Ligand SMILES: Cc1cc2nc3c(=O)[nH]c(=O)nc-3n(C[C@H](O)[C@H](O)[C@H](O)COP(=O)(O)OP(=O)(O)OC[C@H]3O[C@@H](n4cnc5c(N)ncnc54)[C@H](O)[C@@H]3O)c2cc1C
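Presented below, as structure tokens, is a lone chain in the form predicted on its own.
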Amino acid sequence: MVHQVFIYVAHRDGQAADSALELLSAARILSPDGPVTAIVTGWGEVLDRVCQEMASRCPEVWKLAHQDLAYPNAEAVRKCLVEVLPSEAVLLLAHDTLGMDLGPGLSVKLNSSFVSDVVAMTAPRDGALTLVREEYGGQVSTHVSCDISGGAVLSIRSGAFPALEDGAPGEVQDRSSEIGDLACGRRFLEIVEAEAGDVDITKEEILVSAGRGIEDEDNIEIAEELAKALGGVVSCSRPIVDAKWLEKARQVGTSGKTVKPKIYLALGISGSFQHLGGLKGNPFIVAVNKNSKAPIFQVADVGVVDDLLEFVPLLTERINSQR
């Protein structure tokens, strides 16, 4: 039986990350009736706002305030969590840049199990938990038996669990007095904002996204014509940006933009977790790919196995004829 379940809440500009409610949803699988505690680290009024935001959905929120936690620093957060987490605790955190830096070392310090990039899980039984990870770009699902009797640190893939919509409100507990020395070798320098492009894909309701399967720069026009017919804009996956066919501001994914469209058309995109990690909300996903085993079809609402260079112009023509 799980002693206590915690989630670590990342935040920025006074708002909890989208992953916070997804972590709460995953935590409910581990502890459907027991306590789930959100841990928020930071400093000042920004920290207070995030704590109150989480208290509206989570029965218990631990506030950990310290000047050295004002900016994301996995080394400092790790020292902090080692001091406050009880033995046999199970901690869930987002499988993002901070989580990948924080999780492994934290599990070593806590002498607990560690599993990264979890996309699914079952309720614990006899002290063990079955977790699902994806290997080889999503082509293979691996089922991992994890002993959580002595605690565990689990990093959860963004978008793998639905955001919790009906969490019970709770209260904030200030546990800052339990924080020890946070001196570490790293120090914060600055946040460098990405350059703004000619289109803000984060605000668009319809995105037509081009991937490696578009084959040639000239074929980007096919995606642009479909986007125009639908009243949307063109976005892309990382290979398109690497090839310099579209600007970085149009990239969807963990190393690009996080978007929340109502409709998302994935053209020639395999559907790696790095790309899907940039999709939030609950968009209606239409995938077009020649490879019937592409991971994108596992999350698509509509899947079309066809050559996009032949299918997409026909789709565009049909949409224009219906308008």
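Computed from a predicted model, the values in this text were never measured in an experiment. Heads up: residue numbers just count along the shown sequence, starting at 1. Between two forms, the rigid core is the largest collection of C-alphas that superpose within 1.5 Å.
Form predicted in complex with the ligand: not shown, discussed below.
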Of 103, 253, 167, 151, the only residue with a heavy atom within 4.5 Å of the ligand in the model of the complex is 253
Per contact check vs the ligand in the model of the complex (non-hydrogen atom within 4.5 angstroms), the hit among 286-294, 35-43, 55-63, 22-30 is 286-294
Since only the chain is shown here, I'm wondering whether residue 235 would be in contact with the ligand in the model of the complex (any heavy atom pair within 4.5 Å). no
Item to complete: May I ask you to check whether residue 109 falls inside a 4.5 Å heavy atom distance of the ligand in the model of the complex?
Response: no
### Query
Can you check whether residue 272 is within 4.5 Å of the ligand in the model of the complex, heavy atom basis?
yes
Discussion item. Taking the ligand as it sits in the model of the complex, is residue 9 in contact with it (heavy atom to heavy atom, 4.5 Å or less)?
Written reply: no
Worksheet item: Are all three of 120, 159 and 281 close to the ligand in the model of the complex, meaning a heavy atom of each within 4.5 Å?
Response: no
Taking the ligand in the model of the complex and a 4.5 Å non-hydrogen atom cutoff, the residues of 296-311 making contact are 306, 307, 308, 309
Answer yes if the CA of residue 252 moves 2 Å or more between this form and the one not shown after aligning the rigid core, and no otherwise. yes
Following rigid core alignment, is the displacement of the residue 14 C-alpha between this form and the one not shown equal to or greater than 2 angstroms? no
Next on the checklist: Is the shift of residue 51 between this form and the one not shown large enough to count as movement, that is, does its C-alpha move by 2 Å or more after the core is superposed?
Outcome noted: no
